[in-house]
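Laid out below as structure tokens are two forms of one and the same protein chain, each shown alone and named structure 1 and structure 2.
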Structure 1
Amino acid sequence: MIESSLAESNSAVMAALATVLLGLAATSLALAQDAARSYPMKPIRLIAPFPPGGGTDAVARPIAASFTKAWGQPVVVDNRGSGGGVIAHQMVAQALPDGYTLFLSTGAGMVSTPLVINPAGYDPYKDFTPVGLATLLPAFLVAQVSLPVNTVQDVIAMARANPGKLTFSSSGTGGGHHFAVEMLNSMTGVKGIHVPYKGGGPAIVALLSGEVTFCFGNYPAARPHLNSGRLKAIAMAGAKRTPLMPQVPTMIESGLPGFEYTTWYALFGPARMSRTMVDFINAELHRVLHDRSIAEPLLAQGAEATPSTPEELTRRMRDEQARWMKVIKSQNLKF
């Protein structure tokens, strides 16, 4: 008797608790929807994990400018280039998911760097909310015009004749450009030395000033110097040639089958950003990147607008992670 009345009062308490919890959940959902509807109400920080002068900045700026114009609130690019982008990733991982901290990250920070710098202090899958892919950007091997090499085979011959003396600048430890140096070493048995910089911009400056022999980089940083004739592109690192420099062969065509990587840039927020907000920003990202006045100048810098859903972005990260892990194993890469 006592037991059954206790059980009854317990279930009454549970039911009341469930009602309160449901009410709270509904209130916080309504609050989140309200916040998302009135978003943005103040300036937004778009963090870039590399300094000005490289691919990330070249992609972040037009997107930020277009968001600013459409949203009526400043979207300010905040370059936090350091440690292969690790510091910026840690910073965003700790930010509030309220939409006022956005992040333009890359295949480096979200895939390859955590494979090399381990632990990196952030988890690409747990600490961020994917919003959408923005652009792909081909990468390539570049040298000063005065260097007496013109092909990848020339580079290999020069490296064989100068073991441990040829240096390759990159945008940072763990990025695709760093992997490229290690792939070159392991595929050909040469001993090129990787020299990390804070970003693609500083890596090209190092090449121009003669601090390094070569640079694995991408187009936005190298373009003015390719155009002015100070630098020459030796080979593209992607699977295909680029229409911007159709005469430049790929690494694969140059005798290194399987030598392939492309850099990419994508929009993220901190973990647990609301779906309503993600959908809004994703739709805006598509609008911006389908706008020819933005997509065409980006393409002139080598960045092809390829907006995606958040789910496609996560898939790309997982596929690329699996691919790099295979390359590390099959090429026996040592970092």
Structure 2
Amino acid sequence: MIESSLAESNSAVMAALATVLLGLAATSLALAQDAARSYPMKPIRLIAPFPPGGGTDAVARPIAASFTKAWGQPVVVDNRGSGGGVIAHQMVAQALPDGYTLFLSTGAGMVSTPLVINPAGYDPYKDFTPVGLATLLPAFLVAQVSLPVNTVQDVIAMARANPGKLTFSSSGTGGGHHFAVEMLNSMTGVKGIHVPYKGGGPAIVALLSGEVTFCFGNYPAARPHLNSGRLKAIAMAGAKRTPLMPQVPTMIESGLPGFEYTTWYALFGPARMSRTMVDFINAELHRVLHDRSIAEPLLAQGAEATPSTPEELTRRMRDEQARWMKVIKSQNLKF
């Protein structure tokens, strides 16, 4: 009888404890929802992983200005341009998930860098909350106008006729432009030589000076030289043509099915941000990027406004990671 009484007593205690824990959980959830609904109540940092004046900064600033105007709280762009973006990623990964630290990252930072720097000090999937894609930045395969090639098939034929002699500049080892070169090598069996430079601008300069034969470069860096007639665009590296240069075919259209590379910028927060807050910021990002006064100036700089859901952003990351892992394996790349 004593044992029965003790069992009943323990059951009552456990039931009471469970009730308390459920109550605390419900209270915590309610507080989190209230905080998200009243967000923002103080200034917000929008961290950009590169110095002022670059592509990330050019996308971050109009977004921050529009958020500031709509929310009544300052959204301040905080440029953390060191360590190739790694320092900024680590900083955001360690921040509180309260919505007051946001992050405009890139395909390089969230996909290729963790593949080539081991360890990078952060996990793209565990340490961040995806909010949504912001913009796409088209990349092109370009050449000097004097070079006797006009199509991707011309480039392949020249590479096969001159094995190990054609050179391709890029913005750096392990970046998307480098992987684009290696993907071309892998899909065609050619032996184009990758020549890394310290950024997209120097890679284009190397092409202009004749140091290299071809270049995979972003539109903003190549645009003035394409417009002046010093360079020509052979193909666009993305999955579809860009309205910036609609006459230029894609690599896929040029006979390389599955060839896809596009630089992208996307909004993230630290891990464990509430879904209510994520949905609010995502809706605001859509509003900003559908505003013609913002989307058109971005497009003039080469950045196409392409807002997405958090799930679509994660799928893009996964797809790109699988594509680059395949290239790394097939080309036996070592970093």
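These numbers come from a predicted model, not from an experiment. Rigid core: the largest C-alpha set superposing within 1.5 Å between the two forms. Reference numbering: structure 1, starting with residue 1.
Between structures 1 and 2, only structure 2 derives from the form predicted alone. In the two-part rigid motion between structure 1 and structure 2, L208 and L244 are assigned to the same rigid part, each C-alpha being placed with the superposition that fits it better.
Treated as two rigid bodies, the chain shows a rotation of the smaller part against the larger of 29° between structure 1 and structure 2, based on C-alpha superposition.
Once the core is aligned between structure 1 and structure 2, the alpha carbon position of T250 differs by 7.5 Å; this is the C-alpha shift at that site. Fit the two forms on the rigid core and the C-alpha of A139 turns out 3.4 Å off between structure 1 and structure 2.
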